[in-house]
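We begin with a single chain expressed as structure tokens, specifically the form predicted alone.
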Amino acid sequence: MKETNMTNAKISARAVQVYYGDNHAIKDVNVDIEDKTVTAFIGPSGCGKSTFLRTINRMNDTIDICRVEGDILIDGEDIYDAKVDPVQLRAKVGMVFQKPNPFPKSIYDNVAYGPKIHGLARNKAELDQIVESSLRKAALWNEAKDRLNAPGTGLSGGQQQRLCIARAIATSPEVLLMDEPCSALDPIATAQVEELIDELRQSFSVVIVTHSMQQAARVSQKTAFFHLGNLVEFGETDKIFTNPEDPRTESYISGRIG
């Protein structure tokens, strides 16, 4: 792996291993993820793509039997260094989950929650500004602006997912992780979220796990193919889908495995 990549990579993983007890879930993954790019992780169920995604904001820390080895750097800083506060890290690395999971609070309070606990607003006016700007970035402002005090759980599924995206970007993260963000959504809501992902990459490094190869092809510029815990192939999305180098990638893309 060329060391020159270290400079322009937003996220660099080197020799990353993840174990759940005795199960070796991620095997020696090396990858550089660029800024202002959508990178898709694809592969069959249980191949390690979500596990690897969760190493990027230390979500695996919450699992007792999980052990992570190797280096993961964001902007050249080791995020597993003992000095790093995982709570602060997760303000910098936002996460959107498979099922929309708004807090049982108002739309406004869902978005304001992160900025409040991280002290990002000095007063109500600044908080209002962050909430509006995050909802605008998540393409939800027009639908939500007259009902900011209504519960977030009252929104439709697609709106709830966009609310969760607004909540994730309200702390001004630099990286946005999305774990199958459209799998619980209908086709129209999926199209809206995909369009949004394309806009978000102007501001963030976006990493998306998806089980839909069509989605990966539509939204990403770079694609990583995982199989049995290995990162088999990583490169430009067009090339991975039209001219993959590894026969396992070819088999997955053409539907023979997975």
Partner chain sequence: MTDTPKTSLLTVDARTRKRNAAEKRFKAYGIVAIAIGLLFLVVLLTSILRSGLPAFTTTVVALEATITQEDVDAAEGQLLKTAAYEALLVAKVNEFLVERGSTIEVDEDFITDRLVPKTGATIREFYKENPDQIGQTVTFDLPASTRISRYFEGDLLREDVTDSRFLEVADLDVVDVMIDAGLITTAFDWNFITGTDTAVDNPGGAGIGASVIGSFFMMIVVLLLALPIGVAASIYLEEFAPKNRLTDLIEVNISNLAAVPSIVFGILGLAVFIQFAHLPQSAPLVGGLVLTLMTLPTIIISTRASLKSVPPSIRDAALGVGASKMQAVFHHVLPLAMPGILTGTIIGLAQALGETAPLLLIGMVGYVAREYPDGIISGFVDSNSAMPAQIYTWAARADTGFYEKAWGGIIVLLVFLLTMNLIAILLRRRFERRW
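Numbering follows the first chain given and starts at 1. Predicted, not measured: the structure shown is a model, and the values here were computed from it.
The form predicted together with its partner chain exists for this protein as well; it is not shown, and the discussion that follows is about that form.
- Within 4.5 Å of some heavy atom of its partner chain in the predicted complex lies at least one heavy atom of Arg90.
- Though the partner is left out of this view, Pro187 does not reach within 4.5 Å of its partner chain in the predicted complex, counting heavy atoms only.
- Contact check for Ser172: every heavy atom lies farther than 4.5 Å from its partner chain in the predicted complex.
- The closest non-hydrogen atom of Met59 lies within 4.5 Å of its partner chain in the predicted complex.
- From the list 122-130, 94-102, 72-80, 136-144, the contact stretch for its partner chain in the predicted complex under a 4.5 Å heavy atom rule is 94-102.
- Using a 4.5 Å cut-off to its partner chain in the predicted complex, not one of His24, Glu236 and Phe241 places a heavy atom inside that distance.
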